[in-house]
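Below, in structure tokens: the form predicted alone, a single chain.
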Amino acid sequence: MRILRKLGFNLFTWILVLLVAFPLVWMILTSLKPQTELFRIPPTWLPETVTFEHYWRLLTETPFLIYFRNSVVLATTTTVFVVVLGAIGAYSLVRFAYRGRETLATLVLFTYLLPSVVLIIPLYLMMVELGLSNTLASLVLAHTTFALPYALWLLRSFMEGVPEDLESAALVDGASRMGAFRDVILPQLLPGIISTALFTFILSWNEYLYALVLVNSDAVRPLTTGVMTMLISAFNIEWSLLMAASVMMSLPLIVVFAFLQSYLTRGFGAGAVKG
């Protein structure tokens, strides 16, 4: 009976995995099919002829590489800003005692609870006043505004798990406050930093609303809006190129997550032992 229950649970789990993974598998298979197979009825599950023509057309006949470069610069820069500011801000909220500290932390969380669409008009007007409209810098600032509050709370929870005695010992040994922060706090905070960086990178890579409103030039468009304007119109959808673009857009996230997964697991395991 116990074996049957275990087999049933495993079967249910695999069914869920297949249901979740099916759109991704179908996207990859569709990107490899020639144009003549895309709308065949009944549909073919596996491509009869594997072709990479759609990927070649995407890279040579469209500004996809420009959008890709913009997304890489945007997501990487935003991640760096959020991690640096989040680590320093979390350190302040946990280690320093000052009036209004808890109120400030609550207000930071409240800003994260606001819908992104509420901030669109104020951010747009602010970017125009600063002379940053239609630039990647405006997107970096906008993405930082909605990623930083969550990063602060996430890093704050990790910071509270770092024993204060370690920092006190470093200060007694002659280290400066910043020296103790760099040499003692940051290594202990590494799992939280990696988690925050991963969250921020994915959020910034996939963000659509701010990119749609704040920029309108192909030179600065990221992938999310660039692919939509390039391949989808009121009269036609380039399904083959769209599937190829979707695969190319997903690859960086898969690579980043696969690279950081071991660090995340190792960091969480170390944190559990310390706790």
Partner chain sequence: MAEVVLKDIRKEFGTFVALERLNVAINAGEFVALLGPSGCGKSTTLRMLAGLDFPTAGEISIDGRVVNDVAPGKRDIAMVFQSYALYPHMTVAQNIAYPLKKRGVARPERDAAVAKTATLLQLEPLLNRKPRQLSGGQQQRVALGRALVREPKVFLLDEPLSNLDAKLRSYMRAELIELHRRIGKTMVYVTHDQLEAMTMADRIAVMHDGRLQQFDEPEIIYNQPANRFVAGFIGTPSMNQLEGAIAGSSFVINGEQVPINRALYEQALKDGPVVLGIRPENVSLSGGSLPATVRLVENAGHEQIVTVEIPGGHRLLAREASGQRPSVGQTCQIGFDADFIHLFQPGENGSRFETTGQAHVIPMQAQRSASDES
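This one's a predicted model, so the numbers in the text were calculated from it and none came from an experiment. Positions refer to the first chain, counted from 1.
FYI, the form predicted in complex with the partner chain isn't displayed, but the following is about it.
Participant: Which of these residues, Ile88, Val117, Leu130, Ala169, gets a heavy atom within 4.5 Å of the partner chain in the predicted complex?
Facilitator: Among Ile88, Val117, Leu130, Ala169, a heavy atom within 4.5 Å of the partner chain in the predicted complex occurs only for Ala169.
Participant: Report whether the minimum heavy atom distance between Gly100 and the partner chain in the predicted complex is within 4.5 Å.
Facilitator: Gly100 lies outside the contact set for the partner chain.
Participant: Heavy atom to heavy atom, is Pro187 within 4.5 Å of the partner chain in the predicted complex?
Facilitator: Flag for Pro187 set to yes.
Participant: Glu160 near the partner chain in the predicted complex, any heavy atom under 4.5 Å?
Facilitator: Outside the cut-off, so no.
Participant: According to a 4.5 angstroms non-hydrogen atom cut-off, is Leu141 in contact with the partner chain in the predicted complex?
Facilitator: Result no; Leu141 lies far from the partner chain in the predicted complex.
Participant: Can you say which of 74-82, 91-99, 169-177, 198-206 gets within 4.5 Å of the partner chain in the predicted complex, counting heavy atoms only?
Facilitator: Every other range fails; the passing one is 169-177.
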